[in-house]
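Only one chain is given next, in structure tokens, and it is the form predicted on its own.
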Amino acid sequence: MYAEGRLTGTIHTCIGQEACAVGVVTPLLDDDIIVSNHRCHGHYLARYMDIKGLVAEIMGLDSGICGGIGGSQHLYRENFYSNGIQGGMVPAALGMVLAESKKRKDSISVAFIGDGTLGQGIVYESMNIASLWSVPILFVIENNLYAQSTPISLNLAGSIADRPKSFGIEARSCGNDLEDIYATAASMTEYVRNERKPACMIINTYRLAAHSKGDDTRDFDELKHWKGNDPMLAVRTSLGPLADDLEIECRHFVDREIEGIDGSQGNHGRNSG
């Protein structure tokens, strides 16, 4: 749709990282708080399955979840918040769940960030306070190996897991497999909820599309390797003969959801960035 000129602003897909969203969001309870970032579509869909509202929002339409004002990166619904500023939502997640804890509620918050956000000082300030005050927050680092177009080998020293550990925060890593992510997330959300302490989950994943639009300078063989390890392929294999029928059903579902969404619904020409 972006290539067809039907979207304005920018767009950040989560192709290749779908398992991260589904695996982490599935164990959460209704009152839990989710804060996301510029690559938020997967997290939002895993939470609400609201395809129509999301697509309309990206198109800047009145029928979008935020009336077409928020666009691709700035979504809000119930306990879900996203923003494009790197690391900007992390202290918000901390403050919101701290307030809920003061009300004696057992909610937790989940803050999604990427490896590229580890250059932001506010992330470490938040980890420090979360540990010091025993705030029930799960930091989820989606390590897709790139900060926009810069590989992690050129911008990040040391171990990712050692960073939260330096604040006394429990940290665990997992791969890009859906079952592995879900099992790790279920265990860590239970730990945060019961212990009322922060934790950090590092998912070693990979985005198969460009950072946004078409700014992709990655090696062809590298992309080929990761496309062969797409978690969606693993899901298809696990489903066996059911995979083809399920894919057809899913495509029909999406087509029905977005049927009739076009500029006639009141496209304001708003910038979806």
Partner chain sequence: MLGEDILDPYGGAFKVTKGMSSRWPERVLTTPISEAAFTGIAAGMALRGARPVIEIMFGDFITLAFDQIANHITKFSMMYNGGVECPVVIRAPMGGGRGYGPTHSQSLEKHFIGIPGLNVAPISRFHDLDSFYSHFILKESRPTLIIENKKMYGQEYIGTVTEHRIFNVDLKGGPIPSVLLTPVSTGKADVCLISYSGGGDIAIDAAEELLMEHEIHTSVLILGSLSPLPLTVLEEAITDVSQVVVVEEGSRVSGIGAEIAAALMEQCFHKLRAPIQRITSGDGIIPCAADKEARFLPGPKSVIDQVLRMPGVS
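Residue numbers count along the first chain shown, from 1. These numbers were taken from a predicted model, which means no experiment stands behind them.
Below, we turn to the form predicted in complex with the partner chain, even though it does not appear here.
Of the candidate stretches 197-205, 174-182, 146-154, 97-105, only 146-154 contains residues with a heavy atom within 4.5 Å of the partner chain in the predicted bound form. Remark: Arg77 does not count among the residues lining the partner chain in the predicted bound form, judged by a heavy atom distance of 4.5 Å or less. At the 4.5 Å threshold, heavy atoms of Thr13 stay clear of the partner chain in the predicted bound form, well away from it. Contact check for Thr117: a non-hydrogen atom falls within 4.5 Å of the partner chain in the predicted bound form. Proximity of Pro27 to the partner chain in the predicted bound form: non-hydrogen atoms within 4.5 Å are absent; the residue sits far from the partner. The three marked residues, Asp62, Gly68 and Gly84, each reach the partner chain in the predicted bound form, with a heavy atom inside 4.5 Å. Proximity to the partner chain in the predicted bound form, taken as a non-hydrogen atom within 4.5 angstroms, holds for one residue of Asp215, Asp31, Glu247, Asp219, which is Asp215.
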